[in-house]
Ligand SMILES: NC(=O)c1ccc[n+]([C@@H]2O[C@H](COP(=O)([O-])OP(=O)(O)OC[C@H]3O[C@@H](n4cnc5c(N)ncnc54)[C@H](O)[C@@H]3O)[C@@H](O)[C@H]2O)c1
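Listed next as structure tokens is one chain, alone, in the form predicted on its own.
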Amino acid sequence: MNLLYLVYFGKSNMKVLLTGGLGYIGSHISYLLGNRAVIIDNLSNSNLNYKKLLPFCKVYKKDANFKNLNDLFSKENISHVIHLAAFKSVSESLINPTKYYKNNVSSTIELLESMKENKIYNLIYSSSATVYGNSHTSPLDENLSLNAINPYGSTKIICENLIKEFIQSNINFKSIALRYFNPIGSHPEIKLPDKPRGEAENLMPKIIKCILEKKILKIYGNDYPTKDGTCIRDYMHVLDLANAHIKSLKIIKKIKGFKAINIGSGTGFTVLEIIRQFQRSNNVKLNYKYVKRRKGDPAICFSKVDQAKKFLGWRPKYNLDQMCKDAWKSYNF
């Protein structure tokens, strides 16, 4: 079990529910929580061998709906919820927006209603940097207006607003929305890779897949106003992100109402910088080619993380070299 949890919560028998806890991010948080973690996940985006990798976690293989949540809450001594369960493909959300609104928003409504009925008042919500859209200049801070440019991002804004409005009528309820930038890497001692079902959309699993399958990686655009013409994004180690959740479990008792906090490295890396670092770190070769830009991709997007440092006492620990090594190790069986 993570020593951070013991320091914050001692030997309490209270547990944490993670919706979607068998996904890439959720599995890392669950591993750190150990036997404090209770997971509900329908495995729609995960094929994780959780019995082997997360042996101390209690797992319910079910949809996170009102009925199933009520049943779970009646059996488990839950004090906090980390809500990660959601569809997350930007491209799919553009093709099938109703699927995203129905799943992501409805599941949050049912969770809130079940938490209210069972008198559970602490929620860590998994939000996203997509809520900022592409009209702001980086670094992005939490006070900026929210203006998503795809249905996936819109569902995150709706759910944040829903939670804030729910809190206004439920004064005991508290919530922290962690707005993730781009987690990469894996736990260095166990294999919890970013390996979604279906086609990968994120850069790191695409890089690894192209190397393993000897395919050519497509880089979308090389004419952006950046040092090498490729987009700049904010990457952090997934363990840094997982630890932000552990720290949020402690700090939530000190907040009033709702607070949004960016979680990122606070540094921007170009796509080419990531590719070159990955090759150096792992002594591998990747073939790539440039193709035309994707519609809606901002040139530069990275975080301002002052709030995470101030309120959570959190800062990223891992450098890009370690992120790349751990990502490759998690796939390289």
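Computed from a predicted structure; not experimentally measured. Numbering starts at 1 and runs along the sequence shown.
One more form of this protein, predicted in complex with the named molecule, exists but is not displayed; see below.
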Thinking of His80, Cys159 and Ile167 as the candidate spot, does the named molecule come within 4.5 Å of a heavy atom on all of them in the predicted bound form? no
So which of Asn262, Ser248, Ser126, Ser186 gets a non-hydrogen atom within 4.5 Å of the named molecule in the predicted bound form? Ser126
Position in contact with the named molecule when the complex is considered in the predicted bound form, options Thr267, Asn70, Asn42, Gln279, heavy atoms within 4.5 Å: Asn42
Answer yes if any heavy atom of Asn118 is within 4.5 Å of a heavy atom of the named molecule in the predicted bound form; otherwise answer no. no
Please check if Ala86 has a heavy atom lying within 4.5 Å of any heavy atom of the named molecule in the predicted bound form. yes
In the predicted bound form, is there a heavy atom of the named molecule that lies within 4.5 Å of any heavy atom of Asn202, even though the partner is absent here? yes
Within 4.5 Å, heavy atoms only: does Asp63 come near the named molecule in the predicted bound form? yes
Given 221 to 229, 177 to 185, 143 to 151, 207 to 215, the stretch touching the named molecule in the predicted bound form at heavy atoms within 4.5 Å is 177 to 185
Residues in 16 to 40 close to the named molecule in the predicted bound form, defined by a heavy atom within 4.5 Å, in order: Gly20, Leu22, Gly23, Tyr24, Ile25, Gly26, Ile40
